[in-house]
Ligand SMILES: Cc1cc2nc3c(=O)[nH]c(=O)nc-3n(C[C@H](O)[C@H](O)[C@H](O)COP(=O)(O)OP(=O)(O)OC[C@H]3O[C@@H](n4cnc5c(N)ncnc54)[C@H](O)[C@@H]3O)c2cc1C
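Below you will find one chain, with nothing else, as C-alpha coordinates; this is the form predicted on its own, and questions on how it binds or moves follow later.
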(Lines give C-alpha, C1' and ligand atoms only; values in the text may rest on other atoms or scores of the structure.)
Protein backbone atom coordinates (compact mmCIF):
# COMPACT_ATOMS: atom_id res chain seq x y z
CA UNK A 1 0.00 0.00 0.00
CA UNK A 2 1.21 3.49 -0.89
CA UNK A 3 0.74 6.47 1.39
CA UNK A 4 0.80 10.26 0.89
CA UNK A 5 -0.49 13.40 2.60
CA UNK A 6 -2.21 14.68 -0.54
CA UNK A 7 -3.16 12.56 -3.56
CA UNK A 8 -4.11 14.43 -6.72
CA UNK A 9 -6.07 12.63 -9.41
CA UNK A 10 -5.28 14.16 -12.79
CA UNK A 11 -2.17 15.85 -14.17
CA UNK A 12 -3.60 18.68 -16.22
CA UNK A 13 -3.17 22.32 -15.23
CA UNK A 14 -5.46 22.14 -12.19
CA UNK A 15 -3.80 18.98 -10.91
CA UNK A 16 -0.24 20.14 -11.38
CA UNK A 17 -0.96 23.62 -9.96
CA UNK A 18 -2.54 21.94 -6.92
CA UNK A 19 0.44 19.60 -6.59
CA UNK A 20 2.94 22.43 -6.72
CA UNK A 21 1.14 24.57 -4.15
CA UNK A 22 0.61 21.60 -1.79
CA UNK A 23 4.29 20.66 -2.07
CA UNK A 24 5.36 24.27 -1.46
CA UNK A 25 3.27 24.11 1.73
CA UNK A 26 5.17 21.13 3.04
CA UNK A 27 2.93 18.21 2.09
CA UNK A 28 4.03 14.83 0.77
CA UNK A 29 2.25 14.98 -2.58
CA UNK A 30 1.56 12.48 -5.33
CA UNK A 31 -0.16 12.89 -8.69
CA UNK A 32 -1.85 10.00 -10.49
CA UNK A 33 -2.68 10.20 -14.18
CA UNK A 34 -3.89 7.71 -16.78
CA UNK A 35 -1.56 9.35 -19.34
CA UNK A 36 1.85 11.00 -19.25
CA UNK A 37 1.25 14.39 -17.59
CA UNK A 38 2.05 16.56 -20.62
CA UNK A 39 -0.45 14.54 -22.67
CA UNK A 40 -3.27 15.82 -20.44
CA UNK A 41 -6.08 17.65 -22.20
CA UNK A 42 -4.95 21.07 -20.91
CA UNK A 43 -2.39 20.64 -23.66
CA UNK A 44 -5.13 21.41 -26.20
CA UNK A 45 -6.06 24.85 -24.84
CA UNK A 46 -5.14 27.30 -27.55
CA UNK A 47 -6.26 30.89 -27.12
CA UNK A 48 -4.97 32.20 -23.79
CA UNK A 49 -5.66 33.09 -20.17
CA UNK A 50 -7.58 36.11 -18.91
CA UNK A 51 -6.33 38.60 -16.33
CA UNK A 52 -7.03 42.26 -15.64
CA UNK A 53 -3.65 43.87 -14.90
CA UNK A 54 -4.11 47.23 -13.18
CA UNK A 55 -0.84 48.70 -14.47
CA UNK A 56 -2.17 48.00 -17.98
CA UNK A 57 -5.25 50.11 -17.26
CA UNK A 58 -7.60 47.23 -16.56
CA UNK A 59 -9.69 46.50 -13.45
CA UNK A 60 -10.58 43.08 -12.02
CA UNK A 61 -14.10 44.38 -11.33
CA UNK A 62 -14.63 44.77 -15.09
CA UNK A 63 -13.36 41.24 -15.69
CA UNK A 64 -15.70 39.96 -12.97
CA UNK A 65 -18.69 41.79 -14.44
CA UNK A 66 -17.98 40.40 -17.92
CA UNK A 67 -17.74 36.91 -16.40
CA UNK A 68 -21.01 37.30 -14.47
CA UNK A 69 -22.80 38.56 -17.58
CA UNK A 70 -21.22 35.81 -19.68
CA UNK A 71 -22.51 33.21 -17.21
CA UNK A 72 -26.04 34.52 -17.82
CA UNK A 73 -26.04 35.39 -14.11
CA UNK A 74 -25.83 31.75 -13.00
CA UNK A 75 -22.21 32.02 -11.82
CA UNK A 76 -21.62 32.43 -8.08
CA UNK A 77 -20.28 35.94 -7.72
CA UNK A 78 -18.16 35.33 -4.62
CA UNK A 79 -16.13 32.74 -6.53
CA UNK A 80 -15.96 34.92 -9.65
CA UNK A 81 -14.61 37.84 -7.61
CA UNK A 82 -11.85 35.64 -6.18
CA UNK A 83 -10.89 34.27 -9.58
CA UNK A 84 -10.71 37.69 -11.22
CA UNK A 85 -8.96 39.38 -8.27
CA UNK A 86 -6.23 36.71 -8.16
CA UNK A 87 -5.83 36.41 -11.94
CA UNK A 88 -3.07 38.99 -12.39
CA UNK A 89 -0.74 37.54 -9.77
CA UNK A 90 -1.31 34.04 -11.14
CA UNK A 91 -0.34 35.04 -14.69
CA UNK A 92 2.76 36.83 -13.44
CA UNK A 93 3.66 33.81 -11.31
CA UNK A 94 3.41 31.60 -14.41
CA UNK A 95 5.78 33.94 -16.25
CA UNK A 96 8.22 33.75 -13.33
CA UNK A 97 8.02 29.95 -13.46
CA UNK A 98 9.12 30.15 -17.10
CA UNK A 99 6.13 30.57 -19.43
CA UNK A 100 7.19 32.68 -22.44
CA UNK A 101 4.04 34.68 -23.13
CA UNK A 102 3.76 36.44 -26.48
CA UNK A 103 4.80 40.12 -26.43
CA UNK A 104 3.49 43.31 -27.96
CA UNK A 105 5.46 45.63 -30.22
CA UNK A 106 7.11 47.29 -27.19
CA UNK A 107 8.17 44.01 -25.61
CA UNK A 108 5.50 43.98 -22.88
CA UNK A 109 3.13 41.08 -22.28
CA UNK A 110 0.78 41.05 -25.27
CA UNK A 111 -2.99 40.66 -25.08
CA UNK A 112 -5.70 39.74 -27.54
CA UNK A 113 -9.48 40.21 -27.43
CA UNK A 114 -11.77 37.32 -26.53
CA UNK A 115 -15.53 36.94 -26.70
CA UNK A 116 -17.88 38.62 -24.25
CA UNK A 117 -15.26 40.93 -22.75
CA UNK A 118 -15.09 44.69 -22.87
CA UNK A 119 -11.27 44.80 -23.01
CA UNK A 120 -8.46 42.79 -24.54
CA UNK A 121 -7.17 41.00 -21.44
CA UNK A 122 -6.22 37.57 -22.78
CA UNK A 123 -2.53 36.74 -22.37
CA UNK A 124 -1.30 34.06 -24.73
CA UNK A 125 1.50 32.01 -26.19
CA UNK A 126 0.69 32.06 -29.93
CA UNK A 127 -2.19 29.55 -30.18
CA UNK A 128 -0.79 26.86 -27.87
CA UNK A 129 -1.07 28.55 -24.46
CA UNK A 130 -2.22 25.45 -22.60
CA UNK A 131 0.71 23.44 -23.87
CA UNK A 132 3.19 26.12 -22.77
CA UNK A 133 1.68 26.32 -19.27
CA UNK A 134 1.50 22.54 -18.93
CA UNK A 135 5.14 21.92 -19.78
CA UNK A 136 6.35 24.62 -17.39
CA UNK A 137 4.23 23.27 -14.52
CA UNK A 138 5.50 19.75 -15.20
CA UNK A 139 9.05 21.07 -14.86
CA UNK A 140 8.08 22.74 -11.60
CA UNK A 141 6.52 19.66 -9.97
CA UNK A 142 9.58 17.63 -10.99
CA UNK A 143 11.77 20.24 -9.31
CA UNK A 144 9.55 20.07 -6.21
CA UNK A 145 9.94 16.28 -5.97
CA UNK A 146 6.28 15.39 -6.49
CA UNK A 147 5.73 11.66 -7.04
CA UNK A 148 3.88 10.92 -10.29
CA UNK A 149 2.03 7.65 -10.82
CA UNK A 150 2.10 7.81 -14.60
CA UNK A 151 -0.37 5.75 -16.66
CA UNK A 152 -2.31 4.52 -13.64
CA UNK A 153 -6.11 4.43 -13.63
CA UNK A 154 -8.29 5.29 -10.63
CA UNK A 155 -11.03 2.74 -10.00
CA UNK A 156 -12.67 4.04 -6.83
CA UNK A 157 -12.38 6.49 -3.95
CA UNK A 158 -11.92 5.06 -0.45
CA UNK A 159 -14.45 6.39 2.06
CA UNK A 160 -13.76 5.69 5.76
CA UNK A 161 -16.03 7.05 8.50
CA UNK A 162 -17.59 9.48 6.05
CA UNK A 163 -14.25 10.90 4.87
CA UNK A 164 -12.27 10.41 1.69
CA UNK A 165 -9.15 8.50 2.73
CA UNK A 166 -7.49 7.53 -0.55
CA UNK A 167 -8.12 5.68 -3.79
CA UNK A 168 -8.08 2.23 -5.33
CA UNK A 169 -5.96 2.31 -8.48
CA UNK A 170 -4.76 0.08 -11.30
CA UNK A 171 -1.31 0.27 -12.88
CA UNK A 172 -2.24 0.01 -16.55
CA UNK A 173 1.10 -1.51 -17.58
CA UNK A 174 0.85 -4.51 -15.25
CA UNK A 175 -2.87 -4.64 -14.46
CA UNK A 176 -1.99 -4.80 -10.76
CA UNK A 177 -4.50 -3.18 -8.41
CA UNK A 178 -3.21 -1.12 -5.47
CA UNK A 179 -4.45 0.97 -2.59
CA UNK A 180 -3.17 4.50 -2.01
CA UNK A 181 -4.14 6.06 1.31
CA UNK A 182 -4.01 9.82 1.74
CA UNK A 183 -5.18 12.46 4.17
CA UNK A 184 -6.70 14.49 1.35
CA UNK A 185 -7.64 13.75 -2.25
CA UNK A 186 -7.88 16.48 -4.89
CA UNK A 187 -9.91 15.50 -7.93
CA UNK A 188 -8.52 17.24 -11.03
CA UNK A 189 -9.38 14.68 -13.68
CA UNK A 190 -10.82 17.07 -16.28
CA UNK A 191 -14.10 17.09 -18.15
CA UNK A 192 -16.54 14.71 -19.82
CA UNK A 193 -16.28 15.90 -23.42
CA UNK A 194 -16.37 12.47 -24.99
CA UNK A 195 -19.80 11.78 -23.55
CA UNK A 196 -20.76 13.69 -26.70
CA UNK A 197 -19.66 12.80 -30.21
CA UNK A 198 -18.10 14.63 -31.87
CA UNK A 199 -16.21 16.76 -29.36
CA UNK A 200 -13.17 19.00 -29.34
CA UNK A 201 -11.94 17.06 -26.31
CA UNK A 202 -9.21 14.45 -26.20
CA UNK A 203 -10.29 10.80 -26.14
CA UNK A 204 -9.20 10.67 -22.48
CA UNK A 205 -11.91 13.17 -21.39
CA UNK A 206 -14.37 10.58 -20.16
CA UNK A 207 -15.82 12.04 -16.97
CA UNK A 208 -13.90 9.67 -14.67
CA UNK A 209 -13.47 12.28 -11.94
CA UNK A 210 -17.11 13.33 -11.89
CA UNK A 211 -18.18 9.69 -11.89
CA UNK A 212 -15.84 8.74 -9.05
CA UNK A 213 -16.98 11.61 -6.84
CA UNK A 214 -20.65 11.06 -7.72
CA UNK A 215 -20.46 7.39 -6.77
CA UNK A 216 -18.71 8.33 -3.53
CA UNK A 217 -21.52 10.67 -2.49
CA UNK A 218 -20.52 14.12 -3.76
CA UNK A 219 -23.07 16.23 -5.63
CA UNK A 220 -22.75 17.33 -9.25
CA UNK A 221 -23.96 20.88 -10.01
CA UNK A 222 -24.99 22.76 -13.19
CA UNK A 223 -24.55 19.61 -15.27
CA UNK A 224 -27.08 20.81 -17.84
CA UNK A 225 -24.69 23.59 -18.89
CA UNK A 226 -22.70 22.12 -21.79
CA UNK A 227 -20.74 24.52 -23.96
CA UNK A 228 -20.81 24.18 -27.74
CA UNK A 229 -17.83 26.13 -29.10
CA UNK A 230 -18.67 28.27 -32.16
CA UNK A 231 -15.68 27.23 -34.25
CA UNK A 232 -14.97 23.53 -34.60
CA UNK A 233 -13.67 22.17 -37.86
CA UNK A 234 -16.00 20.49 -40.34
CA UNK A 235 -15.77 16.72 -40.21
CA UNK A 236 -13.20 16.12 -37.48
CA UNK A 237 -14.60 18.58 -34.93
CA UNK A 238 -11.08 19.83 -34.10
CA UNK A 239 -11.03 23.16 -32.24
CA UNK A 240 -10.28 26.36 -34.16
CA UNK A 241 -9.28 28.85 -31.49
CA UNK A 242 -11.42 31.82 -30.51
CA UNK A 243 -8.13 33.68 -30.78
CA UNK A 244 -8.77 33.81 -34.53
CA UNK A 245 -11.86 35.97 -33.98
CA UNK A 246 -9.90 37.85 -31.33
CA UNK A 247 -7.38 38.75 -34.01
CA UNK A 248 -10.26 39.91 -36.24
CA UNK A 249 -11.54 36.90 -38.23
CA UNK A 250 -15.07 37.10 -39.71
CA UNK A 251 -17.95 34.64 -39.64
CA UNK A 252 -19.73 34.32 -43.00
CA UNK A 253 -22.83 32.44 -44.16
CA UNK A 254 -23.43 30.90 -47.58
CA UNK A 255 -24.32 34.34 -48.96
CA UNK A 256 -21.00 35.82 -47.84
CA UNK A 257 -22.76 37.89 -45.16
CA UNK A 258 -21.23 38.72 -41.75
CA UNK A 259 -24.40 37.43 -40.13
CA UNK A 260 -23.41 38.28 -36.53
CA UNK A 261 -24.52 41.87 -37.17
CA UNK A 262 -28.11 40.58 -36.86
CA UNK A 263 -27.50 38.72 -33.58
CA UNK A 264 -24.91 40.82 -31.69
CA UNK A 265 -24.55 44.20 -33.43
CA UNK A 266 -22.13 45.61 -30.85
CA UNK A 267 -19.73 42.71 -30.29
CA UNK A 268 -20.27 40.87 -33.62
CA UNK A 269 -17.99 37.79 -33.77
CA UNK A 270 -16.80 38.53 -30.23
CA UNK A 271 -20.13 38.02 -28.50
CA UNK A 272 -20.11 35.28 -25.88
CA UNK A 273 -19.82 31.70 -27.09
CA UNK A 274 -23.43 30.68 -26.45
CA UNK A 275 -24.68 33.66 -28.45
CA UNK A 276 -22.37 32.98 -31.41
CA UNK A 277 -23.12 29.25 -31.46
CA UNK A 278 -26.88 29.89 -31.45
CA UNK A 279 -26.46 32.38 -34.31
CA UNK A 280 -24.46 29.89 -36.37
CA UNK A 281 -26.93 27.08 -35.73
CA UNK A 282 -29.83 29.35 -36.70
CA UNK A 283 -28.11 30.27 -39.97
CA UNK A 284 -27.52 26.58 -40.71
CA UNK A 285 -31.07 25.56 -39.74
CA UNK A 286 -32.59 28.31 -41.91
CA UNK A 287 -30.65 27.24 -44.99
CA UNK A 288 -27.81 29.76 -45.04
CA UNK A 289 -25.08 27.22 -44.32
CA UNK A 290 -23.16 24.85 -46.56
CA UNK A 291 -23.06 21.15 -45.68
CA UNK A 292 -24.06 21.91 -42.07
CA UNK A 293 -21.40 24.60 -41.64
CA UNK A 294 -20.74 28.33 -41.90
CA UNK A 295 -17.33 29.87 -42.62
CA UNK A 296 -14.51 31.50 -40.66
CA UNK A 297 -12.57 33.94 -42.83
CA UNK A 298 -9.04 35.05 -41.86
CA UNK A 299 -7.69 36.12 -45.23
CA UNK A 300 -7.76 39.83 -44.39
CA UNK A 301 -5.55 39.30 -41.30
CA UNK A 302 -2.54 38.80 -43.50
CA UNK A 303 0.16 36.15 -43.61
CA UNK A 304 2.33 37.66 -40.86
CA UNK A 305 -0.42 37.66 -38.20
CA UNK A 306 -1.59 34.17 -39.09
CA UNK A 307 1.89 32.66 -39.14
CA UNK A 308 2.99 34.38 -35.91
CA UNK A 309 -0.16 34.15 -33.77
CA UNK A 310 -2.33 31.41 -35.28
CA UNK A 311 0.25 28.96 -36.49
CA UNK A 312 -1.35 25.86 -35.00
CA UNK A 313 -4.75 26.36 -36.64
CA UNK A 314 -3.00 27.16 -39.93
CA UNK A 315 -1.61 23.61 -39.78
CA UNK A 316 -4.88 22.09 -38.47
CA UNK A 317 -6.97 23.58 -41.31
CA UNK A 318 -4.48 22.35 -43.90
CA UNK A 319 -4.05 18.85 -42.41
CA UNK A 320 -7.66 18.06 -41.47
CA UNK A 321 -9.74 20.07 -43.98
CA UNK A 322 -7.32 20.72 -46.87
CA UNK A 323 -7.89 24.46 -46.46
CA UNK A 324 -5.19 27.14 -46.70
CA UNK A 325 -6.31 29.85 -44.26
CA UNK A 326 -4.19 32.41 -46.13
CA UNK A 327 -6.27 31.97 -49.26
CA UNK A 328 -9.76 30.70 -48.37
CA UNK A 329 -12.35 30.58 -45.53
CA UNK A 330 -12.56 27.41 -43.47
CA UNK A 331 -15.89 25.60 -42.84
CA UNK A 332 -16.78 25.44 -39.15
CA UNK A 333 -19.78 24.68 -36.96
CA UNK A 334 -20.70 24.60 -33.24
CA UNK A 335 -19.25 21.59 -31.45
CA UNK A 336 -19.21 20.20 -27.90
CA UNK A 337 -16.28 21.75 -26.08
CA UNK A 338 -16.63 22.22 -22.31
CA UNK A 339 -18.71 21.22 -19.30
CA UNK A 340 -19.55 24.20 -17.08
CA UNK A 341 -20.95 21.91 -14.37
CA UNK A 342 -19.14 19.38 -12.26
CA UNK A 343 -18.42 18.39 -8.66
CA UNK A 344 -19.81 21.08 -6.39
CA UNK A 345 -17.04 22.82 -4.42
CA UNK A 346 -16.48 25.89 -2.29
CA UNK A 347 -13.85 28.56 -3.02
CA UNK A 348 -11.08 26.38 -1.55
CA UNK A 349 -12.03 23.34 -3.61
CA UNK A 350 -13.72 21.49 -0.77
CA UNK A 351 -16.60 19.23 -1.76
CA UNK A 352 -19.45 18.12 0.47
CA UNK A 353 -17.45 14.95 1.18
CA UNK A 354 -14.81 15.68 3.86
CA UNK A 355 -11.28 15.06 2.62
CA UNK A 356 -12.26 15.33 -1.05
CA UNK A 357 -11.39 18.44 -3.06
CA UNK A 358 -11.95 19.21 -6.73
CA UNK A 359 -10.51 21.79 -9.15
CA UNK A 360 -10.56 22.55 -12.85
CA UNK A 361 -13.16 21.38 -15.35
CA UNK A 362 -14.11 18.40 -13.17
CA UNK A 363 -15.29 20.87 -10.50
CA UNK A 364 -18.09 23.39 -10.28
CA UNK A 365 -17.11 26.25 -8.02
CA UNK A 366 -19.49 28.01 -10.37
CA UNK A 367 -17.38 30.69 -11.97
CA UNK A 368 -18.80 29.85 -15.41
CA UNK A 369 -22.52 29.45 -14.64
CA UNK A 370 -24.51 28.99 -17.83
CA UNK A 371 -21.71 29.93 -20.22
CA UNK A 372 -17.93 30.12 -19.85
CA UNK A 373 -16.03 33.03 -21.35
CA UNK A 374 -13.14 31.99 -23.53
CA UNK A 375 -9.76 32.03 -21.71
CA UNK A 376 -11.39 31.82 -18.28
CA UNK A 377 -10.91 28.04 -18.11
CA UNK A 378 -7.12 28.16 -17.84
CA UNK A 379 -7.52 30.82 -15.18
CA UNK A 380 -10.02 28.64 -13.30
CA UNK A 381 -7.59 25.70 -13.29
CA UNK A 382 -4.70 27.74 -11.93
CA UNK A 383 -6.49 29.84 -9.31
CA UNK A 384 -8.62 27.07 -7.82
CA UNK A 385 -5.97 24.41 -8.34
CA UNK A 386 -3.59 26.51 -6.22
CA UNK A 387 -6.22 27.25 -3.57
CA UNK A 388 -7.15 23.55 -3.33
CA UNK A 389 -3.51 22.55 -2.93
CA UNK A 390 -2.89 25.09 -0.19
CA UNK A 391 -6.02 24.15 1.76
CA UNK A 392 -5.45 20.40 1.42
CA UNK A 393 -1.83 20.69 2.58
CA UNK A 394 -2.86 22.70 5.64
CA UNK A 395 -5.67 20.25 6.46
CA UNK A 396 -3.31 17.28 6.14
CA UNK A 397 -1.00 18.69 8.83
CA UNK A 398 -3.60 18.17 11.54
CA UNK A 399 -4.90 14.78 10.37
CA UNK A 400 -3.86 11.18 10.70
CA UNK A 401 -4.35 8.60 7.99
CA UNK A 402 -7.60 6.66 8.06
CA UNK A 403 -7.60 2.97 8.94
CA UNK A 404 -7.10 1.88 5.34
CA UNK A 405 -5.53 -1.39 4.25
CA UNK A 406 -5.28 -3.39 1.05
CA UNK A 407 -8.70 -4.94 1.59
CA UNK A 408 -10.13 -1.61 0.38
CA UNK A 409 -9.42 -2.87 -3.14
CA UNK A 410 -11.40 -6.11 -2.81
CA UNK A 411 -14.62 -4.69 -4.22
CA UNK A 412 -12.93 -3.33 -7.34
CA UNK A 413 -11.05 -6.58 -7.92
CA UNK A 414 -14.40 -8.39 -7.88
CA UNK A 415 -15.96 -5.81 -10.20
CA UNK A 416 -13.19 -6.20 -12.77
CA UNK A 417 -13.43 -9.97 -12.61
CA UNK A 418 -17.18 -9.71 -13.19
CA UNK A 419 -16.55 -7.64 -16.33
CA UNK A 420 -13.94 -10.09 -17.60
CA UNK A 421 -16.28 -13.02 -16.93
CA UNK A 422 -19.07 -11.60 -19.11
CA UNK A 423 -19.69 -13.95 -22.01
CA UNK A 424 -19.98 -12.54 -25.51
CA UNK A 425 -23.48 -13.98 -26.18
CA UNK A 426 -24.38 -11.04 -28.39
CA UNK A 427 -23.24 -8.48 -25.80
CA UNK A 428 -21.74 -5.22 -27.02
CA UNK A 429 -18.15 -4.15 -26.66
CA UNK A 430 -17.56 -0.71 -25.16
CA UNK A 431 -17.19 1.00 -28.53
CA UNK A 432 -20.74 0.46 -29.78
CA UNK A 433 -22.33 1.64 -26.52
CA UNK A 434 -20.02 4.67 -26.40
CA UNK A 435 -20.84 5.61 -29.98
CA UNK A 436 -24.59 5.27 -29.40
CA UNK A 437 -24.34 7.41 -26.25
CA UNK A 438 -22.28 10.14 -27.91
CA UNK A 439 -24.54 10.38 -30.93
CA UNK A 440 -27.66 10.53 -28.78
CA UNK A 441 -26.28 13.29 -26.58
CA UNK A 442 -25.19 15.34 -29.59
CA UNK A 443 -28.57 14.91 -31.26
CA UNK A 444 -30.73 15.90 -28.30
CA UNK A 445 -28.58 18.01 -25.93
CA UNK A 446 -26.67 20.28 -28.29
CA UNK A 447 -27.22 23.99 -29.07
CA UNK A 448 -31.02 23.71 -29.13
CA UNK A 449 -33.01 21.35 -26.88
CA UNK A 450 -36.63 20.42 -26.23
CA UNK A 451 -38.57 18.17 -23.83
CA UNK A 452 -39.27 15.35 -26.28
CA UNK A 453 -35.67 15.15 -27.44
CA UNK A 454 -34.21 15.15 -23.93
CA UNK A 455 -36.67 12.50 -22.75
CA UNK A 456 -35.65 10.39 -25.74
CA UNK A 457 -32.01 10.86 -24.72
CA UNK A 458 -32.70 9.86 -21.11
CA UNK A 459 -34.54 6.74 -22.20
CA UNK A 460 -31.66 5.81 -24.54
CA UNK A 461 -29.00 6.41 -21.88
CA UNK A 462 -30.85 4.14 -19.45
CA UNK A 463 -31.14 1.43 -22.10
CA UNK A 464 -27.39 1.77 -22.69
CA UNK A 465 -26.78 1.35 -18.97
CA UNK A 466 -28.62 -1.98 -19.15
CA UNK A 467 -26.53 -3.04 -22.14
CA UNK A 468 -23.40 -2.03 -20.20
CA UNK A 469 -24.19 -4.61 -17.50
CA UNK A 470 -23.35 -7.37 -19.96
CA UNK A 471 -20.60 -5.52 -21.88
CA UNK A 472 -18.06 -7.90 -23.37
CA UNK A 473 -14.32 -7.47 -22.73
CA UNK A 474 -12.50 -9.79 -25.15
CA UNK A 475 -9.00 -9.09 -23.81
CA UNK A 476 -8.66 -11.15 -20.60
CA UNK A 477 -5.01 -10.27 -20.00
CA UNK A 478 -3.52 -8.01 -17.36
CA UNK A 479 -0.75 -6.32 -19.34
CA UNK A 480 -1.76 -2.97 -20.84
CA UNK A 481 -5.39 -4.01 -21.21
CA UNK A 482 -6.77 -0.85 -22.80
CA UNK A 483 -9.91 -2.77 -23.73
CA UNK A 484 -10.65 -3.06 -20.02
CA UNK A 485 -9.70 0.55 -19.29
CA UNK A 486 -12.00 1.88 -22.03
CA UNK A 487 -14.82 -0.28 -20.67
CA UNK A 488 -14.31 1.09 -17.16
CA UNK A 489 -14.29 4.64 -18.54
CA UNK A 490 -17.62 3.98 -20.24
CA UNK A 491 -19.25 3.27 -16.88
CA UNK A 492 -18.31 6.76 -15.66
CA UNK A 493 -19.45 8.30 -18.95
CA UNK A 494 -22.92 6.79 -18.61
CA UNK A 495 -23.22 8.21 -15.08
CA UNK A 496 -22.35 11.65 -16.46
CA UNK A 497 -24.71 11.36 -19.44
CA UNK A 498 -27.62 10.56 -17.14
CA UNK A 499 -26.78 13.47 -14.81
CA UNK A 500 -26.54 15.94 -17.73
CA UNK A 501 -29.85 14.79 -19.17
CA UNK A 502 -31.76 14.80 -15.88
CA UNK A 503 -30.60 18.33 -15.01
CA UNK A 504 -31.40 19.59 -18.51
CA UNK A 505 -34.93 18.21 -18.39
CA UNK A 506 -35.41 19.78 -14.96
CA UNK A 507 -34.45 23.34 -16.00
CA UNK A 508 -37.51 24.72 -17.76
CA UNK A 509 -36.11 27.96 -19.16
CA UNK A 510 -33.37 29.10 -21.54
CA UNK A 511 -30.17 30.37 -19.91
CA UNK A 512 -26.62 30.45 -21.25
CA UNK A 513 -25.80 27.27 -23.14
CA UNK A 514 -29.10 25.66 -22.15
CA UNK A 515 -31.46 26.83 -24.90
CA UNK A 516 -34.88 25.21 -24.94
CA UNK A 517 -37.15 25.61 -27.96
CA UNK A 518 -40.15 24.98 -25.69
CA UNK A 519 -39.05 27.51 -23.01
CA UNK A 520 -37.19 30.16 -25.05
CA UNK A 521 -36.93 32.88 -22.36
CA UNK A 522 -34.76 33.22 -19.26
CA UNK A 523 -36.90 32.94 -16.13
CA UNK A 524 -35.14 34.57 -13.16
CA UNK A 525 -38.21 34.32 -10.97
CA UNK A 526 -38.26 30.52 -11.03
CA UNK A 527 -34.85 29.38 -12.27
CA UNK A 528 -32.14 31.70 -10.93
CA UNK A 529 -30.72 28.74 -9.02
CA UNK A 530 -28.38 25.80 -9.36
CA UNK A 531 -29.55 22.24 -9.98
CA UNK A 532 -27.66 19.48 -8.17
CA UNK A 533 -27.67 15.74 -8.88
CA UNK A 534 -26.78 13.25 -6.16
CA UNK A 535 -26.62 9.47 -6.28
CA UNK A 536 -28.88 7.73 -3.77
CA UNK A 537 -29.95 4.15 -3.12
CA UNK A 538 -33.09 4.93 -5.11
CA UNK A 539 -31.17 6.38 -8.04
CA UNK A 540 -30.25 9.97 -8.99
CA UNK A 541 -31.91 12.67 -6.87
CA UNK A 542 -32.24 16.34 -7.84
CA UNK A 543 -32.06 19.32 -5.51
CA UNK A 544 -31.54 23.08 -5.82
CA UNK A 545 -29.29 25.82 -4.40
CA UNK A 546 -29.50 29.60 -4.64
CA UNK A 547 -27.03 31.53 -6.78
CA UNK A 548 -24.61 33.73 -4.80
CA UNK A 549 -25.08 37.36 -5.86
CA UNK A 550 -22.74 39.97 -4.37
CA UNK A 551 -23.00 43.14 -6.47
CA UNK A 552 -24.36 42.42 -9.96
CA UNK A 553 -28.13 41.92 -10.16
CA UNK A 554 -29.41 40.06 -13.24
CA UNK A 555 -30.07 42.26 -16.27
CA UNK A 556 -31.17 41.78 -19.85
CA UNK A 557 -28.14 40.28 -21.59
CA UNK A 558 -27.16 41.61 -25.01
CA UNK A 559 -23.90 42.03 -26.94
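Note that the structure is predicted; figures quoted are calculated from it, not measured. Numbering follows the first chain given and starts at 1.
Absent from the display: the form predicted together with the ligand. The rest refers to it.
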Even though the ligand is not shown here, does residue 41 get within 4.5 Å of it in the model of the complex, heavy atoms only? yes
Can you work out whether residue 190 and the ligand are in contact in the model of the complex, taking contact to mean some heavy atom pair no more than 4.5 Å apart? yes
Please check if residue 360 has a heavy atom lying within 4.5 Å of any heavy atom of the ligand in the model of the complex. yes
State yes or no: in the model of the complex, is some non-hydrogen atom of residue 32 no more than 4.5 angstroms from a non-hydrogen atom of the ligand? yes
Give me the residue from 275, 239, 317, 165 that has a heavy atom within 4.5 Å of the ligand in the model of the complex. 239
Just one of 371, 440, 377, 232 has a heavy atom within 4.5 angstroms of the ligand in the model of the complex, so which one? 377
Please pick out the stretch from 464-472, 396-404, 97-105, 146-154 that is in contact with the ligand in the model of the complex, where contact means heavy atoms within 4.5 Å. 146-154
Check, residue by residue, if 11, 47 and 208 all come within 4.5 Å of the ligand in the model of the complex, counting heavy atoms only. yes
Counting only non-hydrogen atoms and a 4.5 Å cut-off, give the residues of 318-356 close to the ligand in the model of the complex. 337, 338
